[in-house]
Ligand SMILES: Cc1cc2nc3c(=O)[nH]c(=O)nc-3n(C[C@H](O)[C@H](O)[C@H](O)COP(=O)(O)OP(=O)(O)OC[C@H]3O[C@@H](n4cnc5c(N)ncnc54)[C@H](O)[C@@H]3O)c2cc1C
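Starting off, we have a lone chain in the form predicted alone, written out as structure tokens.
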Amino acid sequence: MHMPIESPHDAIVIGGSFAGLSAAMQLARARRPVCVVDAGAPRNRFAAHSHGFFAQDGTPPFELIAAARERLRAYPSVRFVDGRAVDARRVDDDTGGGQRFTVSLDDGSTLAARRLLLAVGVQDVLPEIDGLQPRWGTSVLHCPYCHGYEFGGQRLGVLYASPESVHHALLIADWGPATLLLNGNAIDDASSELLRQHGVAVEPAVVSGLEGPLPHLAGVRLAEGRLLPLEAMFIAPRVRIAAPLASALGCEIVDGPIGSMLRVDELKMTSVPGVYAAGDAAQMRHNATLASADGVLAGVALHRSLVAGLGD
């Protein structure tokens, strides 16, 4: 059964993690009707704790999200919808009512708003190596600033993902003895010499699997049969935008150094007027603090566009 379109909000924020909730807070404090749509699957859900976040070091990510939602509920103009946005469209409106976009949800309902803010995040595209996925976020990690301290002084590996992995390995070596696992790839002589100068070992063999009591890591099994002892392995995987909404809206998507991302201007507006984006899907550098700051900027810019009528 077709469900009716609800009365329009000033903004719909799609994605209720660090970027989306930070954006919604700015709009709430501007006393604007805002709806946050969230499916409850943030990128950092695999991590037990969020580190490096201002005044909240070591707090589990879901606790931070729950606290942010609780504070937002104190603002009467904020509404939460738990569900997945499956489609979004720009709607031409000649009535003067201000409706510009519709968002379809997985339960068949449809929301409307003058502006959209995409905080949909990204999905990590992990290598298909036996034992890697179940350790993701615990002993197979991405950001050393988020999780490196807990493995300080232990044996660390960096799995080759791109030429940038050489610099990743040099960075990881500041936390403990590091080995760059080439996994059958090759690096040039200059990179090899740079790694040697910084005390980073290089293992050329293909990695066939990860071993140890889950979710911990005891070592990586190489294709030739050897076991290389490691307590943690870091990887900078490629990413893809986590929802198809940007494509449905016609937003320009560009290929960045680690995967696809939305093209936004300095005020976080996408190539589609009235559609803003924030967080991991709209910037190259990813962590919770940067996502939250990105959301603040996007929320403020969206509010100013409402005041100025830009995008109407």
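Numbers follow the displayed sequence, beginning with 1. The structure displayed is predicted, hence computed values, not measured ones.
The same protein has a further form, the form predicted in complex with the ligand, not shown here; the description that follows concerns it.
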Margin query: Residue-level contact is defined here as any heavy atom of the residue lying within 4.5 Å of the ligand in the predicted bound form; does Arg32 satisfy this criterion?
Written below: no
Check: Should Ile14 be counted as a contact of the ligand in the predicted bound form, where contact means heavy atoms within 4.5 Å?
Finding: yes
Notebook entry, point to check: Looking at the partner-bound form in the predicted bound form, is Gly40 within 4.5 Å of the ligand by any heavy atom?
Noted result: yes
Next item on the list: Answer for Phe80 alone: is it within 4.5 Å of the ligand in the predicted bound form, judged on heavy atom distances?
Entry: no
Next item on the list: Please state whether all three residues Gly137, Leu245 and His286 have a non-hydrogen atom within 4.5 angstroms of the ligand in the predicted bound form.
Entry: yes
Next item on the list: From the candidate stretches 24-32, 249-257, 276-284, 262-270, select the single one in contact with the ligand in the predicted bound form, where contact means a heavy atom within 4.5 Å.
Entry: 276-284
Checklist line | Neighbours of the ligand in the predicted bound form among 146-180 [non-hydrogen atom within 4.5 angstroms] | finding: Cys146, His147
